[in-house]
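First comes one chain, alone, set out as structure tokens in the form predicted on its own.
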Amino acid sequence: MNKIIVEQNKFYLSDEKVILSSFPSSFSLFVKGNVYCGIKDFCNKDVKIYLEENSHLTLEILIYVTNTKNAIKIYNSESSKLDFYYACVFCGENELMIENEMTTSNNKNQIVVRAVENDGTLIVKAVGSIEENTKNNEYVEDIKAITKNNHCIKIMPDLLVKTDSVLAVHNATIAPVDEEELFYLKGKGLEESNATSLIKEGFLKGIIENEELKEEF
């Protein structure tokens, strides 16, 4: 898999698999065909993603964030598909904005976010806009977080649906480490701190397929 450092603020991917290790703070990504993109550096970024007709982008991000503001805006063309997976450990004050605009038909987008608190706060703003005169679109958000204090994370969904021919779903869960999982691992001889770390790691890495991203996390 290619590892790429991007210096320009516009980048084009067509039928390939890449990992972006560095790119400008303001950045546009143009996708054609079937593309996998992993991202290792995602701190204080403003990214716009343009999916061409009949394209499919799988985007994976697995990172630690500290005092960052990240924004992603997604534009669909006809019959395009996005599978977006964002997993992070957050400390300090952080904000993630995901905005998805569907102005064409037959699109299928999945937004999956997993977040684990490490003495910090996180605001997730997820905006899905499906315009009128479109049909057969699917937009699914699945946002989950593990935190010691529920007030440390805010999930702010905003689904703007202007058509009847659409499947639009938002799921959100904020919870502490699962006590049953913790009890099970402690019963296997693990210390509580190690068991907790193992649960959090599995929670994040469970949505990421790329082994290179997981190994370097």
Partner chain sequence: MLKIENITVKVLDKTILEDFNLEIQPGEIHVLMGQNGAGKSTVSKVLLRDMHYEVVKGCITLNGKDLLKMNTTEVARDGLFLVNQNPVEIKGVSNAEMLRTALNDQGKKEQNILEFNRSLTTLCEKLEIPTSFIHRDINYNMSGGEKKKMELLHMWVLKPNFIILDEIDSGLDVDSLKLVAKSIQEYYESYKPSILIITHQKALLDIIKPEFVHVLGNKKIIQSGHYELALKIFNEGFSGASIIDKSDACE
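Please read all numbers here as calculations on a predicted model, not as lab measurements. Positions refer to the first chain, counted from 1.
Only in words, not in the display: the form predicted in complex with the partner chain, which the text now covers.
The partner chain is not drawn, but in the model of the complex it has no heavy atom within 4.5 Å of Glu16.
At the 4.5 Å threshold, heavy atoms of Lys69 stay clear of the partner chain in the model of the complex, well away from it. Residue contact with the partner chain in the model of the complex: Asn194 places a heavy atom within 4.5 Å of it. Mapping the unseen interface onto this chain, Leu185 counts among the residues with a heavy atom inside 4.5 Å of the partner chain in the model of the complex. Comment: 175-183 is the region of 29-37, 162-170, 44-52, 175-183 lying near the partner chain in the model of the complex, near meaning a non-hydrogen atom within 4.5 Å. Annotation: in the model of the complex, residues Gly120, Cys152 and Pro157 none come within 4.5 Å of the partner chain through any heavy atom. Shown here without the partner chain, the chain has Glu201, Gly202, Phe203, Gly206 in 200-216 lying with a heavy atom within 4.5 Å of that partner in the model of the complex.
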